[in-house]
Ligand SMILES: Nc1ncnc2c1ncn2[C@@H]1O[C@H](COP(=O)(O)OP(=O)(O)O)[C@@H](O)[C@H]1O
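Listed next as C-alpha cells is one chain, alone, in the form predicted alone.
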C-alpha cells in the first residue's frame, strides 16, 4: 500500500517528489510507468486498487491529453482520490483539468517546499472526502498538543520563546506545527519570523474558514523552517472584531490538523487569552529575572487558579537569566510557588537573531541560549515527555 502514486517516467521529477515527501510527509510512494496504463484503463484501475493511494500525481512525462484522460477515468472510478497534474498552468489547461477532476496543477519547475505543501493539501482533501463517504471507516487521528505561551507582563521575550519553540518543534514534526499570534492588536510573530503574511487571523475566523479546515489552512503562512504561522491582524482595530468563541473554534480546528499548536498570547489576561487557556494542553509561563515580572506572573497564576484555568502540564521559563541580577532561582521559585524548568540566559546572540527575524534555533547558533531553548523543545518530544513529567531538575543560572 502506497499513500502516493506517481505516474511518470521522468526520473528527475520523481527524485524531487521523494525529497518533498522526505521533508515530513508520512507514507510511501510508488511509481509506475505511463506505458503500462495508457490505452489500458483496466490496468490503471487494477494498479490503483492494489496500491490504494490517497494522492495520484500525473507527472510531466505524460502528454497532456493522456493525463486528462486518465484523470477523468480516476474521477469516475475513484471519486475520493486527490489527483495532481504536473504541467505548466494556463487558464485553458486549468479549466480542462478541473473538468477532468484534477485537484491541483503544479509546475514541473516548482521547488520542493511548494510540492510538499501541495501534496499535504491533497492528502487533507482525500481525508475529508473519505470521512464524508465513510463516516465510521477512518479512525480519528490523535489530537495535537496546544502549547500556550503566557505572561501577564509584556517585554519578557514571550514571542521570542514562542517562535523558537515552534521552529524547534518543526524539526521534530516538519510541516506539522503552527504558531498562532493571539496578541491580536500588536502581535510580533510575523516580524519575529520575518514574514509578510497575505492572510491573518481576520481571514481565519471568516465564515468560509470556520466551516472548512482546508480553507483555514490556506490562510496560514508557510515559514522556511517547515512550520506554519497564523499571524495577527494587520490593523489593531481588527482585534475588536474577533470574539473569544472564534478563537476557541480556530484552535480546535488547528488541533485536529497539527501535531503541535503553539499559541503566543498577548500580555495580560484578556478574553482571547482566557479562551486559549481553556484549549491548552500545556502552558509555558515566561518571566524575566526582575521583581516586577515575577510578581506579575505570581498574581496572574493566582487569578487563574481561582478560575481553574491552569492547564495540567506547565513549564516555567525564566528569561534573561543572570546570576548578577540580585535574584536567585530559589527566590523566584519561592515567589511563584512553582519550580523553574528552563532558564534562558541573557544573550546578545538571541537578541540579534530576534532583530533579524531569524529564530536562533533556525540558524543553530552556538550559544547557551540555544542549548536551553532546545531543552524547552525537548519537553514536548513524545519520547521524553512522560519521563520529564516525573522529574524536575532545578534550572541553573550562570
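A quick note: this is a predicted structure, and the numbers were derived from the prediction, not measured. Residue numbers count along the first chain shown, from 1.
There is another form of the same protein, the form predicted together with the named molecule; it is not shown, and what comes next is about it.
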(request) Please run the contact check for residue 350 against the named molecule in the predicted complex: heavy atoms, 4.5 angstroms, yes or no? (result) yes
(message) in the predicted complex, is there a heavy atom of the named molecule that lies within 4.5 Å of any heavy atom of residue 157, even though the partner is absent here?
(response) yes
(request) Give a yes/no on whether residue 258 approaches the named molecule to within 4.5 Å in the predicted complex, heavy atoms considered. (result) no
(message) Given that the named molecule is not shown alongside this chain, does residue 355 nevertheless sit within 4.5 Å of it in the predicted complex, heavy atom to heavy atom?
(response) yes
(request) Would you mind picking out the stretch of 232 to 240, 89 to 97, 290 to 298, 316 to 324 that comes within 4.5 angstroms of the named molecule in the predicted complex, counting non-hydrogen atoms? (result) 316 to 324
(request) Check each of 120, 188, 282, 203 and return the one that places a heavy atom within 4.5 angstroms of the named molecule in the predicted complex. (result) 188
(request) Please pick, from 53, 34, 345, 60, the one residue with any non-hydrogen atom lying within 4.5 angstroms of the named molecule in the predicted complex. (result) 345
